[in-house]
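What follows is a single chain, given as structure tokens, in the form predicted alone.
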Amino acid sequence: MKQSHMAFMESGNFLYTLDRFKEVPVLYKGENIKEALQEKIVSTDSSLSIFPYGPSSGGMVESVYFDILTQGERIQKVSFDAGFKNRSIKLSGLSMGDALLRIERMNGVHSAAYSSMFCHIWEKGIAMDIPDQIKYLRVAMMEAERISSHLFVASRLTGGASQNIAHMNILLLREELLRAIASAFGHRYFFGVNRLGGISRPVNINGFQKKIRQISDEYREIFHTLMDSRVFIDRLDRSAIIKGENSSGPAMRASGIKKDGRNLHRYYEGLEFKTITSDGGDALARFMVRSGEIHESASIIEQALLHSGDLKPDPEVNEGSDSFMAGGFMETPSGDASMIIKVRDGKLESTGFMSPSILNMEAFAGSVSGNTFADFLFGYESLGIWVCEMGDFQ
């Protein structure tokens, strides 16, 4: 099932949708289901053929196809085809544990967020109340992942702007963070940590908060140095301006909208942090928001781990033979993701999913019109788009 601007699921003659930042699926009351679906499906039109760019070029991390109409160096229009290298993930018919394994690896660098979201939806669906310790540990995992993801975006931007010293220092900080995560949680990307109903391996957080704070402080120094560099600022300033709520996560907050799914999620209740915003809407504003969020994430981790401590693995829960429909969301490093699952007799029957990269890719395609071709890289990289999470679900 292709993704859309909201998570949806077709079940017989009914269409269930899940609005952004909501947890309860609602029945879509439309006369024509197919037309409703067509309106919601993200367009990946690639009808232009003036200037094909892709499937990968210029050091882009993932394969994606763009058609770019230019007049000299000025970009007139961009369309994209995220399915050029199609990725379909089969989930229907799987046990919940097997489905979690695939959800976790859908976007490996955001594994903690997606596995936590899936576990949360299942636990809510069967009315399982997990201990606060587990909730806060998942928060710490997701916030460490957020720092890693934001450092990666910062490295892409500094590398593209030929800020080589800052670029290498940021990559070094990210590597130090990934090693600290591996030492504390058993895997650099949190693979296998989350389990339905709890965690699957021992966690040792001794010294983890201190390392996170050190990385945050060192990055702050790099950030201030970059903000004194006119060369760096000029490359990002006024590039790919996005306004309004047609984007997600740091991109939306960089256009002045103070919306953050963490403020609405029960996992984050009792934790204090600022929602970082900016009014510029451009690549520079997105860089500034991500940089501010690194410091806030370090603070959240310190608060969360005060409630966690070293934890031992939880016993495997019986997945049971329940039948239910449940929905939920999670604020990933790229923005809010939503999912609906329908479970029958303990097996996953169908899934509806919306990733933040769907919204951000569309926002990017509309934002670079009028920019020069040199701005393309900075607009794209500043959004933290992951094509791997834009695939079809079956």
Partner chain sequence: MKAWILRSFRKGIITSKFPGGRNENASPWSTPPVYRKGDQDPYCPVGAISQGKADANRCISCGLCYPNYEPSMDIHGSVSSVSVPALKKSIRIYQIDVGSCGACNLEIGALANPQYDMARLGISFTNTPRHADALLVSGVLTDNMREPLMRAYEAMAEPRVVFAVGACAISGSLLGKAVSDTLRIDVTVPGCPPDPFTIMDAVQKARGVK
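Residue numbers count along the first chain shown, from 1. Predicted, not measured: the structure shown is a model, and the values here were computed from it.
Quick note: we don't show the form predicted together with the partner chain, though the next part is all about it.
- Of the heavy atoms in Phe378, none are within 4.5 Å of the partner chain in the predicted bound form.
- Using a 4.5 angstroms threshold between heavy atoms, Glu218 counts as touching the partner chain in the predicted bound form.
- Although the partner is absent here, Gly192 sits close enough that one of its heavy atoms falls within 4.5 Å of the partner chain in the predicted bound form.
- Although the partner is absent here, Gly280 lies well away from the partner chain in the predicted bound form, with no heavy atom inside 4.5 Å.
- Residue heavy atoms within 4.5 Å of the partner chain in the predicted bound form occur in exactly one stretch of 232-240, 107-115, 262-270, 72-80, and that stretch is 107-115.
- Between the partner chain and the residues Gly93, Gly320, Gly256, Pro313, the one pair within 4.5 Å by heavy atoms in the predicted bound form involves Pro313.
- Taking a 4.5 Å heavy atom cutoff to the partner chain in the predicted bound form, the contact residue among Arg87, His307, Lys124, His295 is Arg87.
- Contacts to the partner chain in the predicted bound form (heavy atom within 4.5 Å) from stretch 196-235: Ser200, Arg201, Pro202, Gln214, Glu218, Glu221, Ile222, Thr225.
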